[in-house]
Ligand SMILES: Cc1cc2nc3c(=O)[nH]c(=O)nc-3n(C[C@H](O)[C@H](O)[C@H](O)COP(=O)(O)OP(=O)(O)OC[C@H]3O[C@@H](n4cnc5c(N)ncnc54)[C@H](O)[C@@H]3O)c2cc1C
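In the block that follows, a single chain appears as structure tokens, in the form predicted on its own.
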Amino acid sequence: MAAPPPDATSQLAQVASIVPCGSDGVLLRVIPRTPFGPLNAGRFFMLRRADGVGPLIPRPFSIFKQEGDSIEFLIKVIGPGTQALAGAAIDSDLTLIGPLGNGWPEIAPEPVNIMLAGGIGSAPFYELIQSKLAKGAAPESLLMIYGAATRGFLYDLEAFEQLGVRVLSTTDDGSHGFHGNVLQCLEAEWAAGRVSESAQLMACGPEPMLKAVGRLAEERKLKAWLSLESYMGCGVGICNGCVVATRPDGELGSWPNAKCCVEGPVFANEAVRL
């Protein structure tokens, strides 16, 4: 039976900064009372205000950046929970539950790792790129294709471009970068011979995008990992609010459903059925 990770805790964290980002987002940086060591990219925390303002049920957010004792989250402000977090006072306290989930597995950088991000789905990729470069991956072995409906939803694009790897941006309305979605951009790169056709795919974004990535990986017989943006109530495997169907012939097929919060949020494409 899957259970919360042994290093998960519930503690208070002080709000260090809140900076607007994109058309409707913020970068929320907090300093936990008890610092964490290096955390695996793709893991997440459940956050809520400690003063009772906003919903009592915390909201899940991927680790965007970890610098020293601080952790930064990239938040799209869309409802009462995210509005309350975006409106927190500097130096006030948040309840921080985590780190949760398993994050990205160790994946060899060869021949090429292609990261496909849709909107706020870019959040789990910053630390992934940082960690791969720190472990000796060649910058040319990493490609990030970052797509959104329009330029304002390419959150903190400049931070990714400064990492030293190839970053391609795409927008549905053509307001920035390639005119189209991330998969159309990838197909164009393949057609032009600018990226290996035996690449490995990692994706995070809206479910229709993840389904399309999964289908593409199956058609081209590519390895792919999907980070699911699932609604969660508890984050620790109790409420069963974030289940995803498993494939009977996959690594999780001994049970019909997997919990995104404890067995994910990153899954091998062949393990789940979206």
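These numbers were taken from a predicted model, which means no experiment stands behind them. Throughout, we count residues from 1 along the sequence that is shown.
This next part talks about the form predicted together with the named molecule, which is not shown.
- Among Ile114, Val167, Ile71, Ile75, the residue placing a heavy atom within 4.5 Å of the named molecule in the model of the complex is Ile75.
- Although the named molecule is omitted here, in the model of the complex none of Pro208, Trp225 and Glu270 has a heavy atom within 4.5 Å of it.
- Taking the partner from elsewhere, Gly152 is found to have every heavy atom lying beyond 4.5 Å of the named molecule in the model of the complex.
- At a distance threshold of 4.5 angstroms between non-hydrogen atoms, Ile120 is in contact with the named molecule in the model of the complex.
- Although the partner is absent here, Pro105 is not a contact residue: none of its heavy atoms lies within 4.5 angstroms of the named molecule in the model of the complex.
- In the model of the complex, the named molecule sits within 4.5 Å of a heavy atom of Thr82.
- This chain is displayed without the named molecule, yet in the model of the complex the stretch 55-63 from 245-253, 213-221, 55-63, 32-40 comes within 4.5 Å of it by heavy atoms.
- Residues from 7-24 do not approach the named molecule in the model of the complex: none has a non-hydrogen atom within 4.5 Å of it.
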